[in-house]
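Heads up, the chain below is alone and in the form predicted on its own; it's given as structure tokens.
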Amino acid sequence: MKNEYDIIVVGAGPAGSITAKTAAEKGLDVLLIEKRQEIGDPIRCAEGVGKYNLQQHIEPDPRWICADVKGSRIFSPDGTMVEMAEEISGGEVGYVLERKIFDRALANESALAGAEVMVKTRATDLIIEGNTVCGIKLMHMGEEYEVRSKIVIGADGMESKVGRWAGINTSVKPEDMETCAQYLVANANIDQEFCYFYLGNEVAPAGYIWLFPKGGNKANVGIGILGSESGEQRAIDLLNDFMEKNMPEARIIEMVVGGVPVSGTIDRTIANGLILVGDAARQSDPITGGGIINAMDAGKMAGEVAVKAIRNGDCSEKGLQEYEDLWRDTIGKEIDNSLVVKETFVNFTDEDLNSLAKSLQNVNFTSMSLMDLLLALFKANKKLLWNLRGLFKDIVKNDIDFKYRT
């Protein structure tokens, strides 16, 4: 480890690794640090990701692909099933990853590009001079260090400490967070070519239960419910109830719990000498809580803008504004639209959800585009979906560039 770099990236998840790789490929001197001793472990998500958008960043590798799914099956509270092809199932359906291997593959690519990667290295504070971030204080193997840089990238997850140290409010209220729990189970006995989603205020109030195939008759079985709904009924208890009723033969071999921000964007993601990416910038989808592709896209933007700022000799907030504009015009618009949809759907009763599912029962999804699907859904449920009329209007005008549209 040197005393000074062009860029220091805090956090070696997908956002951090793609940022480090992008900047290192352009010849910058990059340090990527990770507080855990093993990158990618423990996992923190359902591990689903759309194929097309993933391939924009990395060539698919069988070593980190557990399942190649054809589509999704969505169950309303009364058991009505809607089956959708992968192309219109959303940004989290396509491949199911082995994140422990995938995250390390991304970090490896950043290392091969020239970045210096350090694990078991924790940022403890920022070095701030005047009103500008000039590096970080860190701890590695019990020793404290100060390392300077022209730009610090905060990719340190929800409620980013790096952002908070720089004066950015990254706190998340309980009602703006999905409380999640997930088991990896053996003997799952599900069709390994489909992802499953269960909706309803009894099984998952203001959220859903997911089953993602992991190959070899294994699956990720998880639940996310709004923090405001969590109290007497804990997410883990609801998940246990679901398992007991629907998967009595399944055997739990791993468990993870955590939170996902579903509140939409934060006010700013840059400061003098600082950029936030991924969950630190609250770039996850408010509907699904998924954020791998958004994190990778934002990481690439952050890396490219950081390179330009350093070459221009202007790492001020003004010099980094291009990153703020780029991601808000693309990822940010999708997040804003998803937030409108989420806030509508969380108020639906079970009867409303049953009605929506039944209206799609005779639809032929194999020959339907996403736009066709959304319009069919709206036409059959105008009263229920009236709050979303503006969104459907924009879709008709092709103003919205959905990631999962190819």
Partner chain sequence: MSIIVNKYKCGYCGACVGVCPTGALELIETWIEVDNKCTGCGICQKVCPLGAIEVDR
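Computed from a prediction, not measured in an experiment: that's the story for all the values here. Positions refer to the first chain, counted from 1.
We do not show the form predicted together with the partner chain, though everything after this point is about it.
J.: I need to confirm a contact call. Of Pro77, Gly289, Gly135, Gly259, which residue comes within 4.5 Å of the partner chain in the model of the complex, counting heavy atoms only?
T.: Looking at Pro77, Gly289, Gly135, Gly259 one by one, just Gly259 meets the 4.5 Å heavy-atom criterion.
J.: Please tell me which of Gly231, Gly313, Pro248, Gly142 lies within 4.5 Å of the partner chain in the model of the complex, judged by heavy atoms.
T.: None of the others qualify; the residue that does is Gly231.
J.: Does Lys214 make contact with the partner chain in the model of the complex, using a 4.5 Å heavy atom cut-off?
T.: Because no heavy atom of Lys214 falls inside 4.5 Å of the partner chain in the model of the complex, the answer is no.
J.: Could you tell me if Met118 has a non-hydrogen atom within 4.5 Å of the partner chain in the model of the complex?
T.: Looking in the model of the complex, residue contacts with the partner chain do not include Met118, since no heavy atom lies within 4.5 Å.
J.: Although the partner isn't part of this model, could you tell me whether Gly227 comes within 4.5 Å of the partner chain in the model of the complex, counting any heavy atom of the residue?
T.: Yes, contact at 4.5 Å.
J.: Report whether the minimum heavy atom distance between Glu159 and the partner chain in the model of the complex is within 4.5 Å.
T.: The answer is yes: Glu159 has a heavy atom within 4.5 Å of the partner chain.
J.: Mind checking whether each of Val203, Ala219 and Ile252 has a heavy atom within 4.5 Å of the partner chain in the model of the complex?
T.: None of them does, since no heavy atom lies within 4.5 Å of the partner.
J.: Just one of 322-330, 262-270, 144-152, 178-186 has residues with a heavy atom within 4.5 Å of the partner chain in the model of the complex, so point it out.
T.: In the other structure, the partner sits against 178-186.
J.: Can you list, in sequence order, the residues from 24-41 that come within 4.5 Å of the partner chain in the model of the complex, counting heavy atoms only?
T.: In sequence order, Lys35, Arg36, Gln37 come within 4.5 Å of the partner.
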